[in-house]
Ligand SMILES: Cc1cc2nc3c(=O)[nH]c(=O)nc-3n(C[C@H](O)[C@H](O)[C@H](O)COP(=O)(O)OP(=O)(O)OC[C@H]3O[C@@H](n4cnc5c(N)ncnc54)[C@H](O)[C@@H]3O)c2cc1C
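To begin, one chain is listed below as structure tokens, in the form predicted on its own.
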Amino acid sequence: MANLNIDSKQERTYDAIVIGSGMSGGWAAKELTEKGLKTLVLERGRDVKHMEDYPTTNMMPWEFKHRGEIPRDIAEENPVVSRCYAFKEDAKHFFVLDTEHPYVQQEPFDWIRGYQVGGKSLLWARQTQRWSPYDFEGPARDGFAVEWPISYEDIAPWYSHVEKFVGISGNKDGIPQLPDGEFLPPMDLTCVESYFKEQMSEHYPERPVIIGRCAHLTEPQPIHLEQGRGQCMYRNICQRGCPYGAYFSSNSSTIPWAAKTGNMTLRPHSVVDSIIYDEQQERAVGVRVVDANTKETVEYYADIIFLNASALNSNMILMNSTSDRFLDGLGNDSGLLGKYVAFHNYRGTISAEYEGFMDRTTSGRRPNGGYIPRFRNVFSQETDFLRGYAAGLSAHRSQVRDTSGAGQILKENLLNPSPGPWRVGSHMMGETIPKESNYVALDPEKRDEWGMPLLNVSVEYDDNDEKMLEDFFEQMSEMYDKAGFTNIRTRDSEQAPGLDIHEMGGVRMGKDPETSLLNRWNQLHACKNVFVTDGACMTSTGTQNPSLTYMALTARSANYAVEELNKGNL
């Protein structure tokens, strides 16, 4: 029996373990397996195979039983996820239901999750902007959080590395606060968006308007064809999963790429309970897993562990990884684990109409929009709030349907709408300031059906966020007015934090082990063979959609980990 146990342990031993198969986990798997490491990828949800498991991707609108809507009883039972814009009948199977995975809201917080292979990479908005030096230098310059241990120059080569493999559509715009990258041909602005861009260059030269940079293949390169991915068809139903692989997801790209090396083992239905720390070896030696179906506990072992379970789940796993050495969670010598959680403020929207270009309209379904990079407090402090906001931009002609008549006449009227006025809209993407009072913690009493403590979430807006929101309304209204837009309306959605789906922090990077948990390579200061490279690692939030930065940080750390492993340092 002893030999059988040894064999069993050997069968559960790998060079590396990656916890999570989403945006950053997929990249860890790709980089580690490419370097020859036998890698176990653990995913708490089910498997979702590219093309095979997109059940609604080719369905017509009339084929949906509820015409695309969520039935009232499901919506009422699951109020949090029902507030997400993409939680509709065509994609609801990729979302976590509130009833199945409860958590505790100390303050209102909408935690949107996707538990399956690929995670939320199936559902993301695909916007991919680089951070700039002004983002990495922000906390030190403006005196909040802690200083980032890396600069833009440290990560720039890894942005390029990721962009070439993912495929990013965009223009080289030459904007200091939004560095250019490795771009495929850009999508186009509509005529009204282009007009607005011209107006802003005349009235506000420091406020550029560009087409969004997005992870869609507008002109696939050999590396994308090698992944089996094809050109974007402009269907704009990406949330169903793209059978062409035209937008980047772990399912269409990094996970099958890692599998192709022969070095990856993928284990779905694996709820990670904790990381196992060996006090004699002074290092992590493995991961404790609860099988999601059988509830059986299994341990797996490896030399290095990448934690990519998504920002708040990575916090939760570290907090649940206790030992005599780490009574309050793995690597938590500073006592800051779970603190300084931040997000993006998406509360503000503005809409208007434009009476020009009535002889033009749009065609196709562009899965992208215009983008206004941050223009407040970029080069110096100029307002009574810290940091700033970026904004989206869209302009399209509405459809007017004539509902008069009856019978065949009514049918013809409904089937042949005419273009209405141009409608213009923007939404804010505001940077929030990480604070110790915004935190997550394990509930001392409540547990889920797999025995994990529920997560307590206590995250709120602050006065800085309110001032920033008012400034967004004021500045954008002024900009819209300068462009000659009419019927300008602003709206505060008053949505709770979390609905932006950009939660970050809790395991922040920094230079000092007393004020941070991760070093410049995303290693736990106190446990060097554990790397955290998802949103949990973020020291501050910037205004850019964060996924590109997670992927670049992960690729950088994975390559460093392999180098250190080969040197015998891990």
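Note that the structure is a prediction, hence the values are computed from the model and not measured. A residue's number is simply how far along the shown sequence it sits, counting from 1.
Although not depicted, the form predicted in complex with this ligand is the subject of the following passage.
Q. Quick one: of Ala390, Val272, Leu393, Leu178, which gets a non-hydrogen atom within 4.5 angstroms of this ligand in the predicted complex?
A. Exactly one listed residue reaches within 4.5 Å, namely Val272.
Q.
Which residue, Thr190, Gln475, Ser334, Gln116, is the contact with this ligand in the predicted complex, using a 4.5 Å heavy atom cutoff?
A. Only one option qualifies, and that one is Gln116.
Q.
When the contact criterion is heavy atoms within 4.5 Å, does Ala16 count as touching this ligand in the predicted complex?
A. Outside the cut-off, so no.
Q. Is there a heavy atom of Tyr85 no more than 4.5 Å from a heavy atom of this ligand in the predicted complex?
A. Tyr85: contacts this ligand in the predicted complex.
Q.
Taking this ligand as it sits in the predicted complex, is Asn78 in contact with it (heavy atom to heavy atom, 4.5 Å or less)?
A. Contact check for Asn78: no, nothing within 4.5 Å of this ligand in the predicted complex.
(Q) So in the predicted complex, is this ligand close enough to Ser547 to count as touching (4.5 Å, heavy atoms)? (A) So Ser547 counts as contacting this ligand.
Q) Just one stretch in 85-93, 399-407, 154-162, 220-228 has heavy atoms within 4.5 Å of this ligand in the predicted complex, so which one is it? A) Contact-bearing stretch, as computed: 85-93.
Q. So, Arg44, Leu123 and Asn308: all three within 4.5 Å of this ligand in the predicted complex by heavy atoms, or not?
A. Every listed residue reaches this ligand in the predicted complex, so yes.
Q) Using a 4.5 Å cut-off on heavy atoms, what residues in 16-44 are near this ligand in the predicted complex? A) The stretch 16-44, when checked against this ligand in the predicted complex, contributes Ile19, Gly20, Ser21, Gly22, Met23, Ser24, Gly25, Leu42, Glu43, Arg44 at the 4.5 Å heavy-atom cut-off.
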